[in-house]
Structure formats: C-alpha cells, structure tokens
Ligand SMILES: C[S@@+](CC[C@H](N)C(=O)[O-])C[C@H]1O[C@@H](n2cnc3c(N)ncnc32)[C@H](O)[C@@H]1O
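Starting off, we have a lone chain in the form predicted on its own, written out as structure tokens.
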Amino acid sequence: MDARQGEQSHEDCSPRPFPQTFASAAGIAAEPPSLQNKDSTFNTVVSRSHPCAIQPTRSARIKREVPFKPGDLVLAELWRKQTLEFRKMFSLTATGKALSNWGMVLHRDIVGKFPGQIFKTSTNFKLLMRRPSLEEYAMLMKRGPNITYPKDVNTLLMVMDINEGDYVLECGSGSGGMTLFLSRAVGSEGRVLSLEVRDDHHCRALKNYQRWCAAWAVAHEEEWPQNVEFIKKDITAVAEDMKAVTFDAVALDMINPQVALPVMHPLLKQGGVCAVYLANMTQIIDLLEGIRRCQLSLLCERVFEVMHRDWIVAPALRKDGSIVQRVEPQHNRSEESPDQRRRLMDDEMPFGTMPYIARPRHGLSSHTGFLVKLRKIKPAHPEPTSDNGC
C-alpha cells in the first residue's frame, strides 16, 4: 500500500484505526485530526483543483468577507497612543461575554459584524475585534510545553524548503504550533506525521489543532486541509515500521535529538534537510557529537538564531498634542507670538514635511532557540560501518 494515500478523521485523544496513511503503512495506531465530515473536505479539495473551478472574480472576493459567527475565534485589542495595551483571544458564542479589566462586550453584539471593527466596552473603552492570524493563534493558544515561536518556525520552513505536496516528519508535537505551520505549508496534497511521547503534550497539540481547524471552517466556509497524523509514540519505536516511507524534510524539537538521528536518517530523502530546534548551545554540541560518533552522513550547514527588533515610527508630538516642528533659521517671523507661529505651521504643512520619530521599542528581545540545519548527503566513498552502538 502506498504510504502517501488516504483520508483522515479525528474526534479526541483516544487511539483508533487510521486507514491508508503513514500509520496504516507502518501498522501504527494514530489520531487523525479531521473534523466532522471527511467527505465534504475531500470534495472541497477536489473542486478547487478542478479545471472548471470558479475563478477569483470580484463577486467571489466580496463573498469571502465573512461576518463573525458563533464558533469564530476573535482577537480583542486595545490600542492607545499607537501602543498595544491589551490583547485577548476567545471563542465566540451566541450568549457569552468578553470580560476584561477594560470592561465587557456581549458576544451577541459581535455576531453578525465584520472583523476589523471597533466596539465600546461597558466602561467606554474601545476594543478592536478581528480574527487572529495563525501566528497570533500560535502565540495565544493554550500551551503545554513551550512553543516554537512563529519567527523561528517561518525561518525553519524556509530552511527546510517545504513546498506544497511535501511529506514532513515532526518529532515532538509539543503544543502543536509548528504542526499547524507545517500543515499549511504542505497543503492538501502533502502530509505531516507528528510524533510525541508524552500523553499530555500529545493531547494538547491535538486539541489546539482541532480548535484552529474548527474556527477556520467557520471563518472561511471551507475546511482546513486534513493532512496531519498525530501518533503518541517515540520515533525509535516506529522507525522500523516506517522503512517504506521517505520524507522530504524532518523537524526535530526534542531535548536529546541526537538519540533520534540514527533512526531518522534512513527515512529522510537524500539531499533533504533535517531542521533541529534547540534551546541551548550544550544541546547543539551533543547533537554534533552524536553525528560524529554515529558516523552519519549529515552535513551541518548552519547554526543560528533569529532576532527581531520592534521599532516605534510615529509623528513627533508635544505633550499637549501639538506637532514638533523642525528648527530652521527664521528672520521674518520675529514679531509673531509662539501661538500664532504654531498655528501657522500646523496649517501650512505640505506632504512630507511632518516630522517623525523612529527608534527601537524599549526592552530587549530575549533568546528563544537555536536553529540547526542538517542536510543528508551521500559520501564520495562508502563509510566504515559503525560499531559503537548507533
């Protein structure tokens, strides 16, 4: 049976049969994460790739602007003086309330309105209500273990060169953040196999995946690609049964990834990339020592981290709200009062003459993790067989 075929369905964290997938090819019980009706999902995918599929006309684009409905994910934000002071994500219901220190907004007042709208709370504060992006969802969703941060995930996707239709192995589901990004990257034609040994982490990743898929179906009126299989086993326990599967890329988010390298190596295609996400340099040294000790044909191309720095770019204003003017020599306005000069300059400012301030935001970005890029290569000459237990 081809390991790259099959449909998926999912309901909870309990093991169940999973036909015609990675798991069935390997004889492994997996938790398929699809929602409700897998046939409608499959039909949606087929119709979008059919030659007679509707082209993105103006009317079709207008139709995709879907108002808030029960089941939606809503992101509430409070902005004051171009600074984000409050942010909260919640699921929309017909009778619920959005509570915060800034006041209350009834869910029924949000239902039927379009995202990107300002709502006044019970205490007269203004909250912006919109749908969260996948990056924001990953940052705000409920966590078990620490997540792989979106800034690092996006870089990992580029490093692994993941394209639509690829087959990816993920070792360490964690809270499910990276799994969602991998799912979006491989599309409906690709597959992601996500392994996790801890039961609590496994169920947390599965629930976060379910929640995003359900909200996506409500907001976009189509199913999220059902392309992920969650398996609660260690890679060392399933590698022997997965010999028939070849993966385009591998992502390792484990405390000791060097343990998984010998069993992962045969599953990765030649020239494929294994990306490893590690918290400290000691783990990287152990990883490279594991490659050397086991004599694996893996080339370490890069070891790096991703740093982001947010900036403030805003009009320069005085405390009273007036505009700060650029100072230049003035010879013909000596008799004007300061108030007259200020009003005159506020009214006579053509485009491009408004002064701006631009500086980094206060606070330093902390370290999140190191990224290691390993590529599977074929040596010029056969290497001696390792007898060191790897």
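This is a predicted model, so every value here is computed, not measured. Each residue number is its position in the shown sequence, starting from 1.
Quick note: we don't show the form predicted together with the named molecule, though the next part is all about it.
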Is H201 near the named molecule? Define near as a heavy atom within 4.5 Å, in the model of the complex.
yes
Determine whether any heavy atom of K151 comes within 4.5 Å of a heavy atom of the named molecule in the model of the complex, and answer yes or no.
no
Would you classify S175 as touching the named molecule in the model of the complex, given a 4.5 Å non-hydrogen atom cut-off?
yes
Does any part of V197 reach within 4.5 Å of the named molecule in the model of the complex? Heavy atoms only, please.
yes
Flag this candidate site as yes only if L157, D248 and G271 all have a heavy atom within 4.5 Å of the named molecule in the model of the complex; otherwise mark no.
no
Which pick from N163, Q210, T121, N146 sits with a heavy atom within 4.5 Å of the named molecule in the model of the complex?
N146
Picking from V276, L206, I235, V192, the single residue whose non-hydrogen atoms come within 4.5 angstroms of the named molecule in the model of the complex is I235
Assert contact_stretch over 71 to 79, 250 to 258, 87 to 95, 296 to 304 against the named molecule in the model of the complex, heavy atom within 4.5 Å, equals 250 to 258
